[in-house]
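Two forms of a single protein chain come next, each set out by itself as structure tokens; they are called structure 1 and structure 2.
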Structure 1
Amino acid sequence: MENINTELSDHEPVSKGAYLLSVVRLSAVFIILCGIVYPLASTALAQVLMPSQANGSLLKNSEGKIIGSELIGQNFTNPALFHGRVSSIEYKAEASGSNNYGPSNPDMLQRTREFIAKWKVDNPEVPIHELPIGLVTNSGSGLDPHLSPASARVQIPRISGLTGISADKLEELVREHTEGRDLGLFGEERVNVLKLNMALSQLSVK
């Protein structure tokens, strides 16, 4: 025991400067690994394995011009196109979120009345009782790019009358763009509104 104590006492105490240098070195290593190497490696892997998703799932028209992302809805106002869900943020991606109104909230009730009144004007062929609830309600993010197939089909009479495209052809278009449940189990059938309108535009120019 005496020899051990003697050996320990022979070691010089570590200076504060040495401790500080160790901390600086360790910090530099983690900054390089976590701040440079990891982001670069993640970006490289994403570009190799899933380039479309890594770059925002952008969609381009026939001229190669970017017209939007398949992950973010758009505020389509042209009556000859399919319209998406109500968005209290006008589909502004930097302001994701909704008002989370309850069913008795006066602002939501007023908005719903205004939407229904406009619907009657734009879609006189479709009775109000056939209007899907998804068209008058906001999604949680306010950015939902999808509609239910029923919400797309109920707009067919208006679009057919304005474009001259037959209702049967538009029904077929909706079916072709209907996506099934994830893994056959999760979520609901849905239609991407931007993709549907891109296909509709191609039909209109033929």
Structure 2
Amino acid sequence: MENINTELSDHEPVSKGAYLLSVVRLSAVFIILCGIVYPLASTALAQVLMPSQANGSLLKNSEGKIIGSELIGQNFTNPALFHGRVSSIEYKAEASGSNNYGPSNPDMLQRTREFIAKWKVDNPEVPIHELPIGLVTNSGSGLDPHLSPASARVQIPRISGLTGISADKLEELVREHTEGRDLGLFGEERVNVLKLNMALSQLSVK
């Protein structure tokens, strides 16, 4: 009862052994092509055409020493610097991720309450309703290099008090480091915390 259309083609003059050998040979071709040739060719092209991007967009300080990647956030604890977002892995970039707290997770709610309480102590000048949620929450990667402009601005009174740099000057600094949406349309306005702090350190030195 096999169908008429395909009946003919089912009688292929190949043995089972030859057929299986074909399957193995074809698989081997694609293991080499997709698994080895393609990634190595991509690496060669990327390294020749765009070496800076291909090697992790590293940032150097004024002495030419590499101090990190502009894409990877750092753990800032000095209260005189801008702090990034909450990171359960403390920006340890040999791994990535977060605690994956669900919206009703008591540990997450506890962490948030504690953060807000500590924030109040460190930043008495700022009313709590101005504290942006981005600063209080853990990023997905745990390595988020950015803050929203509001999350940076809200730290200015604290930093100004500790460093003596005027609030106006710091406002100006944040404004200079605010990146717009990509192509004016996609994503959100943001400030790269590492670059901002590098510029801030320069100001403090002067």
Partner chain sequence: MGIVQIVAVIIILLLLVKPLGTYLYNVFSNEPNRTDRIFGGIERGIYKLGGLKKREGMSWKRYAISFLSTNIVLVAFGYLILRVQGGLPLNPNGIGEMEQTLTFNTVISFMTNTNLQHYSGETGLSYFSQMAVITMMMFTSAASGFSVAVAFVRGITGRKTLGNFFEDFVKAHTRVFIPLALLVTLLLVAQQVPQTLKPTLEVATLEGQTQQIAIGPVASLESIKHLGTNGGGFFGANSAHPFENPSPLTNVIEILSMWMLPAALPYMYGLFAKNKRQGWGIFTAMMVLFLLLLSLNFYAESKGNPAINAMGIDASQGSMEGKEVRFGIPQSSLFTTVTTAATTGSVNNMHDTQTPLGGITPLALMMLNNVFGGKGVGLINMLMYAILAVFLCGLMVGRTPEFLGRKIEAREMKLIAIAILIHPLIILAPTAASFLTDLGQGAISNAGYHGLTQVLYEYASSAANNGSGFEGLADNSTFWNMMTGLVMLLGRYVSMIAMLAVAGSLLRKQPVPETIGTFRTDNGLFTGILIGTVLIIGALTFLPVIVLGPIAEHLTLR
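All residue numbers here follow the sequence of structure 1, with the first residue given the number 1. C-alpha atoms forming the largest set that superposes within 1.5 Å between two forms make up the rigid core. Small disclaimer: the values here were computed from a predicted structure and weren't measured.
Source of structure 2: the form predicted together with the partner chain. The smaller of the two rigid parts, set against the larger, turns by 21° between structures 1 and 2. Summarising the core-aligned comparison between structures 1 and 2, the C-alpha atom of Leu21 is found to shift 12.0 Å.
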